[in-house]
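Heads up, the chain below is alone and in the form predicted alone; it's given as C-alpha cells.
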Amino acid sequence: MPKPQARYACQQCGAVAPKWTGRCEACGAWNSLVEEVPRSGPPKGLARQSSRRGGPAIDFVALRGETAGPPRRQTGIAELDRVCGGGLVPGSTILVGGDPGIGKSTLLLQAAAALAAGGGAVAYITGEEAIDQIRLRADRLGVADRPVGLAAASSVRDIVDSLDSADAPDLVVIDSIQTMYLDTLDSAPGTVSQVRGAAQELIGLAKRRGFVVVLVGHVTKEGLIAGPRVLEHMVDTVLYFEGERGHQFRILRAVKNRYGATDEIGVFEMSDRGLVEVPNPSALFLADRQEPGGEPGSPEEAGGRTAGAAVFAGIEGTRPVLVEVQALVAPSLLGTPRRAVVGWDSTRLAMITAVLDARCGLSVGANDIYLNIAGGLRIVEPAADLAVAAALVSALTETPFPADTVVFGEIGLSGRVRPVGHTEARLKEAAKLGFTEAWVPARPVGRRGSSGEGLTTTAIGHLSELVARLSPPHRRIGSSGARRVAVAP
C-alpha cells in the first residue's frame, strides 16, 4: 500500500494545496499553510467492492414524532439559559468564543458549579490550565464545594474512552478545542484538521450519549473564532462573549442557535466574586445618567440634559435595552475631518452625516465627529439612526436633548424616518424607567400603533423635524464655529 502523500492546509480558510507556498491562493493569507498527512483510506479493492454492493437502505420517518422532545436542562444562571433559548438541550454542542481574559472560563465554571449544585453530573476538562489553577478560580468564585469533576487532558481518544459509558455526565466543558488533538492525525494541535477532527469526535459522542458539550474557542485579532469556519457549522449554538476591559460588564451574544432565537443577549457584571447576572441591563447602561424629570435648574435636571447625548430605545434579540448615545462635534483643524466611532457602524455614521448635510442644510461633515455608545454595548440595528442624528444635532447646536425623552427610528437617504419593529416593547421599557416622552417614526396611514403607559409619543416623519426641535435659530453653528441658520425643507 503506498504511503499517503503530505498536503498543506491553510489555517485561515481550510484550503488544501499539494505543495507549500508562502501565500494561500484561496484567501490570500501569508504563512498560513501547514503540512498535514491524511489518514490512509481502505484498500482500493475493498472500496470498489463496497461501491458495487451498495449500502443499507435508509429509513424515512414522518415529521411529527410519537414522543415529545427532550426537556431542556436549566443551568441555574438565568442569563445563560436565556441566550441558549430557555436552557440546554441534551445532545447539543455549544461553542463559546471571546477575547483572552474576557471571562469565558469563569462563566463556564460558574455554570458547571450551578448545574452540579442542582443535582446534575458535570465534567470540566481543561487543556490549557492545571487542576490547581482551576481550584484557585473555584475558591475565588466560592464554588469549591460543588461536585464538579475536573480533569486536565488533551487527547480526544482518552476523553472519548472516559465519557463513552451509560453513566456519562449531563454537561461536559472542553477548555479549549484548540488544545485538543487526535493521535491519528500527523499535525499539531490547533491546526485545521485537528480542530475539525476533534470537534467531530466530541459532537458524535454527545449525540450518541445525550449530554451537552460546551467547547471554548479562541478568537483571532478580527474577533472571529479561530480555526476553520466549518466548526461553527458543525455545532448547534455559537455564543460570543463580548466586553471592554475598561468596563465591568460583559455581553453574551448568540449568533447561531438551532434551538432558540439568534441575536439574543445576556448581560453580566464582572466583580471580584465572578460574573453577576444583570436582570435589568437598561438601568445598568444608564447608571451614570441622572434620573429624568428633575426640577428645572436642579442638579438632576442639569445632569440629565447634557448636549450631545440622547437615549436610544433598542432591541437586542427579544429584550428591550435603553442605552445612551454620546456625540461630540468639534471644528476640524485638519484637511480631512476625524471620525472616531465606538459601538456603532462607522459607515452608517457617514451616511447619517451626509443626510444631515444634504437634506437638512447643516454642516456636520466638515467637523471632527466622535461617537460613543455608553457602556460598551455594540448596536447593530438601524433603528439607532434617529438617536445618532439627535446626538449629532444636539452636539452641533449645543442644545441639550430632553432628559425625559427616548428616540428611535431608521433614516433613509431622502431624510425620511422609517418605522421599525417592536415599538411597543421599546416604549414599555422606556416607561418603566421613568421616561415620559418618545420621539418615534410617523406611522403609515391605516396602521395602528401602541405606546407605553403614561408615555407621550411625538411622530417624526422627516429628519428636518428633528433638526427643527433641536436647533433654535440663535444657537445653530456651522463647520468653523460661525453661526448659521439651518432652513428646514
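Throughout, we count residues from 1 along the sequence that is shown. As the structure is a computational prediction, the values presented were derived from the model and not from experiment.
Unshown form predicted together with a small molecule; subsequent notes refer to it.
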Residues 140, 218 and 271 all lining the small molecule in the model of the complex, heavy atom within 4.5 Å: yes
Residue (of 179, 363, 106, 74) lying close to the small molecule in the model of the complex, criterion heavy atoms within 4.5 Å: 106
Sole residue of 99, 170, 81, 324 within 4.5 Å of the small molecule in the model of the complex, by heavy atom: 99
Interface stretch in the model of the complex with the small molecule - options 149-157, 113-121, 185-193, 263-271, non-hydrogen atom within 4.5 Å: 263-271
